[in-house]
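First, one chain by itself: the form predicted alone, in structure tokens.
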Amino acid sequence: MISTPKLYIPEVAFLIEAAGSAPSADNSQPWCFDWDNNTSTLTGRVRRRGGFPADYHATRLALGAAAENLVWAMQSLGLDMASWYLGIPDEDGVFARGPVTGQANAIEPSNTPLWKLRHTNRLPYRPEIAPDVAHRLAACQVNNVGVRTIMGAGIRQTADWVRQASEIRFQTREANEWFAASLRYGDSPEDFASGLHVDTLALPPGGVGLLKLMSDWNRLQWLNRIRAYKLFAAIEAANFQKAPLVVAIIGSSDHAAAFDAGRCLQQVWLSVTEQGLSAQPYYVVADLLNRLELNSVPEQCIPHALALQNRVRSEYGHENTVHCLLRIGKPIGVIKVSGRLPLNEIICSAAHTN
């Protein structure tokens, strides 16, 4: 019998919404979910949306963040996750699977869940921050992936990594085309839900026009002949360098660690949100390190990429990598928030067991 999300029990809809509210690179939302009423089993699967392949590092970060939201949502319902699988996608693409059974706590419509309040604020942040924030965030950890908090001179060094990685990113056709394909410019809710809307990017006057210009690879190549990539990279690193606090998600470079890093990143972000602060992820350094492993760095940029890799390894150890960076602080204002696909668009198939 055909089922729709409307026929799901409230707890299941709550869990799917929680997982689907997780952050993902360029708001790609690389997941879908199925519910089996016969076995009371909820399953989350990876699916490709946007530019990032299903087995790409950024995708596994996003799946880990979705899994962490599931953990928080299950805990808020008072349900047990002891028999759940949470991990890198198996051969069927499953990254989360488990029963939703037992007596669930009531879902209070008046209480907005923490994961629903979390979003990306790309505006500049105020210079002051409470001294205990770094200490609280340093406690976030999943298996062998943890957090390094960075302040003062350390931020200037890390901002230089962001600048150097960004210079290479603006010379990488694949990265530019993936990003350009994710951009949305319209005013409909679908535009805000199906990709990365320009109104969420905190662009200066004229920024949308420049973004459209840069989105065409041939035009960006022309601009790069006059070393425009250096200007764009400096702009990219400017707000980062002024942050009062930066968090690095650090762990080994294997596939399982990427999933755990996504869970750890979301722990950080939810803690930040709970403290009334905002965060902006910077993936550019992690993406460059991943591209080095995949041999997808432009040839002329390889020496600079290897030099940056050596700097990161010197700081965090040869066996570790940076999975993501976040700048943390109190933004100077509010900004529009990216939307999320509705439940009926993140269901893996139309057929469900009843």
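One rule holds for the numbers: they count along the sequence shown, beginning at 1. Just so you know, these numbers come straight off a predicted model, no measurement behind them.
Keep in mind the form predicted together with a small molecule is missing from the figure; the text below concerns it.
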Does every residue of Leu15, Asp36 and Thr101 put a non-hydrogen atom within 4.5 angstroms of the small molecule in the predicted complex?
-> no
Answer with one of Thr273, Gln280, Ser253, Asn176: the residue that has a non-hydrogen atom within 4.5 Å of the small molecule in the predicted complex.
-> Gln280
Which one, Arg184, Arg163, Arg97, His119, lies within 4.5 Å of the small molecule in the predicted complex by heavy atoms?
-> His119
Answer for Phe259 alone: is it within 4.5 Å of the small molecule in the predicted complex, judged on heavy atom distances?
-> no
Partner proximity in the predicted complex: Ala202 to the small molecule, non-hydrogen atom cutoff 4.5 Å = no
Exercise: Val312 in contact with the small molecule in the predicted complex, heavy atom 4.5 Å | no
Does the small molecule come within 4.5 Å of any heavy atom of Ala58 in the predicted complex?
-> yes
Hey, of 263 to 271, 222 to 230, 139 to 147, 101 to 109, which bit sits against the small molecule in the predicted complex at 4.5 Å between non-hydrogen atoms?
-> 263 to 271
